[in-house]
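As a starting point, one isolated chain is supplied in C-alpha cells, in the form predicted alone.
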C-alpha cells in the first residue's frame, strides 16, 4: 500500500496580492508534497501575473516543494493564450492542464503535465489518450463516484496505463464555468465592468434556494457547491485503491488546520490505525461526500439525500 501524498490546489477565489503572498509564505511550512499555483478561474484576476506565479513557484521549489502551475480552465481570448504560453514555456515547473489547449501546448514543449479535473476524463480510453500526450498524473472529475473511478483505474491498469491519480479531497466543489460572470450579475454590473466585486467574497458568494436551503456558491464565472466536500471518512478505502494523492482546496481561513488534520489521518492509516480527526470546525458549511458515494453531491457525510428537508 502506497502512502498517500498531500497537495494544495490553486486558490480558486479572488484574494489580494498581499493575502496570496502571505498565504503561500505560511503554506511553505505545511506538511505538503505538492503545491499548485496560478489563476485557474478568471482572466480578470491579475493580482499576480504569469511571471509572478513562476517566480513564486521557483521560491517554493527551492524550499523542497514540488510545484505545479495551474492553467486557466476557460480560455477565451488571445491574451489568455499568451498567459498560458508563458506558463508552459517557463522551462522549469510542470503544468496542470485545465484546458485541452494547455495539454496540447505542454505536449509540443515535450513537458509531462497534470491533467486537471476540468478536462473531464470519464473513461479509461480518454485517460490512455491523455497519458499518451504526456500526462503523468490526472485528477478525476469532482462528480465521479468511487465505483466508477475504481472501474476506470482497473481498466487502465489492464491496458498497461501507469499514471498517478489525485483526488479532490477537501473544499467547495468547483462544478462549472460560464462565459458569464454571476458575481457581476448579482451586483447588476457587466462582466467587463465587474469592479472586481469577487474580492469582497474571499470564499465565494453563497446562494440559497427559494426554500432557503443552502445550495451553491457563486465565484465569478464559476459555480461551486455550498457544502464542503470531504473525503476524510474514506481515506482507508482510497489508500487501498492505489490513489497517489489528495488535494486540499485553499479556503480563506483554517487551511493550515485542514492540512494538518489530513496529514494526521494519513499517518494513522499508514500505521494501520483508525484516524480520530474532526475537521468540521474548520468549514463554514456542512461537510458533504455525496458524489463519492454515488448519490447527490449535496448529501452530507453519512446521510441519504433528501431533495427537501
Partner chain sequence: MPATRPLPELVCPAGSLPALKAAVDNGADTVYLGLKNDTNARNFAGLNFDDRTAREGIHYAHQHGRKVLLAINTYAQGGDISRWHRAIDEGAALGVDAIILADIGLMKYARNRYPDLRLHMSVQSSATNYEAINLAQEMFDIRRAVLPRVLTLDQVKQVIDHTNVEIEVFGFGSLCVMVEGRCLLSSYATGESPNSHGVCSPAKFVRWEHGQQALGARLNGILIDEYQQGEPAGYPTLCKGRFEVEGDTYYALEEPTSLNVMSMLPQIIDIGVAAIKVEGRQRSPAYVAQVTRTLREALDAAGRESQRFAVKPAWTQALSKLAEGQQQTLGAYNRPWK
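What you see is a predicted model; the values in this text were computed from it and never measured. Positions refer to the first chain, counted from 1.
FYI, the form predicted together with the partner chain isn't displayed, but the following is about it.
Engineer: Looking at 87-95, 128-136, 162-170, 233-241, which stretch has residues with any non-hydrogen atom within 4.5 Å of the partner chain in the predicted complex?
Structural biologist: Of the stretches listed, the one contacting the partner is 128-136.
Engineer: Can you work out whether the partner chain is within 4.5 angstroms of a heavy atom in all three of 21, 50 and 109 in the predicted complex?
Structural biologist: Per the other structure, none of 21, 50 and 109 touch the partner chain.
Engineer: In the predicted complex, is there a heavy atom of the partner chain that lies within 4.5 Å of any heavy atom of residue 16, even though the partner is absent here?
Structural biologist: Contact check for residue 16: no, nothing within 4.5 Å of the partner chain in the predicted complex.
Engineer: Can you tell me if residue 198 lies within 4.5 angstroms of the partner chain in the predicted complex, counting non-hydrogen atoms only?
Structural biologist: No, residue 198 is distant from the partner.
Engineer: Taking heavy atoms and a 4.5 Å cut-off, does residue 295 contact the partner chain in the predicted complex?
Structural biologist: Close contact exists here: in the predicted complex, residue 295 approaches the partner chain to within 4.5 Å, heavy atoms only.
Engineer: With a 4.5 Å heavy atom cut-off, would you call residue 191 a contact of the partner chain in the predicted complex?
Structural biologist: Yes, residue 191 is a contact residue.
Engineer: Just give me the residues of 65-102, first to last, that have a heavy atom within 4.5 Å of the partner chain in the predicted complex.
Structural biologist: Those in contact are 73, 74, 75, 76, 77, 78, 81, 85, 98, 99, 100, 101.
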